[in-house]
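What follows is one chain in structure tokens, specifically the form predicted alone.
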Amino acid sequence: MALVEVQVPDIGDFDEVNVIELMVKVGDTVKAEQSLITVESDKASMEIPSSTAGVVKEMRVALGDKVKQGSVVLVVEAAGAAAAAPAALSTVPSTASPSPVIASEARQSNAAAAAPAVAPVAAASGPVQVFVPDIGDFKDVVVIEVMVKPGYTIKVEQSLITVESDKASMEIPSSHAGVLQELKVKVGDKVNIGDLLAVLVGTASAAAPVAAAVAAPVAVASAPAAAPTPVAAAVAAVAAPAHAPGGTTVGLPHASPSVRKFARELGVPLEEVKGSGLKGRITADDIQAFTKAVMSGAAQTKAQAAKAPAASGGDGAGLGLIPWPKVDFAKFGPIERKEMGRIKKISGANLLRNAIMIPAVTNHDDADITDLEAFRVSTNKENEKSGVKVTMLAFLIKACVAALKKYPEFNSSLDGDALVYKNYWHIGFAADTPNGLMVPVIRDCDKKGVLQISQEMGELAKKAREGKLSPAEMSGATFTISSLGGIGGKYFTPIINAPEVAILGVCKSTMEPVWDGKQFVPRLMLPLSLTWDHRVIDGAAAARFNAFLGQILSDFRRVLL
């Protein structure tokens, strides 16, 4: 085994480009030509591949560092006794990459033979065809963006489409000026050198045959060192990514080609993802987080929101209902219009779906918590110095876990015609925040005591109020408790949080006279409202669940049974 330093290959006329993404870490096994880092200039971003296969032993660069040709990226323990020499930057695996100068000359030579020649013309009255120029060692690159449409007036070297390989994206410029009569490609098509791209009419003087850059803006070695030629300008135009940092025109989200490919595989709309990387760049972690949020119901794509009827503004057509009334409220008096927050929009659509699709039934009952409340007060006095305040909700969570274990159908979910029974007990609790209702989840409540549950509940509730809850902290619940105990009320009907099959609503406890067989005695009673999915649970099971829950709350020692 040999330790080999992997260096930045020839990246053209770029000096000290910024490192904006690290794609590997120490301990990772990398293959030859695997992308290691992403760098960015003011005109393009590119991925730097590895010249050697092996295990990463040391990272020599960090986010924000500046690198240039020859800079050491990392150290790998190569599988062979000797590593291959640093390869020129390429987007396809190659065991022997020619030098940039030879490669450029070869590509221009191949282009002259393969692509239809477009000679400069002074003025053409008839239609002029625009072909895909030399785009280097690329084959079947995918069109990911169309930047013009018929009727547009096109300038020489104006970008027409954006194409993408597995490691780079580039814009394809026009070789002529004129009015776009017909575009021969669309998003999703695959193109190669010489393919017909567009037809222009009323064409003015054209540029010389255009040679496109490979993965990054690489200077054509055979070009004169004098003023920029149309070829050099075309290279710069092609090399410029769809998203140019600091520019005024944004065609695509700011993400590397590999991340965009990852997003396409998952069906994630990149324009709706917020980037957490340098300069707002979208990373693979951002894609994963967005996917988890959508799957858990914590977020919606615009397509989902468009399909779902809005909580208050849908017209009901999708449900076969009469149209929602449209009223000019201002004619009756002064009004103020405020857009709903993001949380309310998301939760509103979910609640509407759940309320319509779930055949929900609610059982109301009361639990005697007189002794439990006395125990809670004494526990808080004993643990006053710990800073952890035990709430009735913490006891209620433990009681619900015991009831869920006795009646496991309440801890299940429908999956088509099957019922999935979960052997874990994650309890969600509704938290009232300035931004709307949120439901943090306490995991493995069966393995935690009341004190630990109280502490976690306090921490999660604080994060919810501050808007810092992560999607993971709001997903995976098997049963939810919605408590209005700190506000008031008697009973209510909470809406089930799909894919759960039940939810418990709790209101404020009150002192009431209770007959003990001889006389009326004051007892602290807690109102319970259990809503359940009638497809999974029947009325008898719901009554038994509520009765058992009440027994535990009246004598908490039953939790130990």
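The structure presented is a predicted model; accordingly, all values stated were derived computationally and were not measured. Start at 1 and count along the sequence shown; that's the residue number.
Below, we turn to the form predicted together with a small molecule, even though it does not appear here.
You can rule out all but one of 459-467, 173-181, 190-198, 139-147: in the predicted bound form, only 459-467 has residues with a heavy atom within 4.5 Å of the small molecule.
For the three marked residues, Pro408, Lys448 and Phe479, no heavy atom of any sits within 4.5 Å of the small molecule in the predicted bound form. The closest non-hydrogen atom of Asp371 lies beyond 4.5 Å of the small molecule in the predicted bound form. Shown alone here, Ser483 lies within 4.5 Å of the small molecule in the predicted bound form, counting heavy atoms only. Remark: Ser509 counts among the residues lining the small molecule in the predicted bound form, judged by a heavy atom distance of 4.5 Å or less. Contact check for Leu526: a heavy atom falls within 4.5 Å of the small molecule in the predicted bound form. Ala431 is the sole member of Val185, Ala431, Val156, Ala293 with a non-hydrogen atom within 4.5 Å of the small molecule in the predicted bound form. In terms of contact with the small molecule in the predicted bound form, the residue from Leu437, Leu352, Leu419, Ala472 that brings a heavy atom within 4.5 Å is Leu437.
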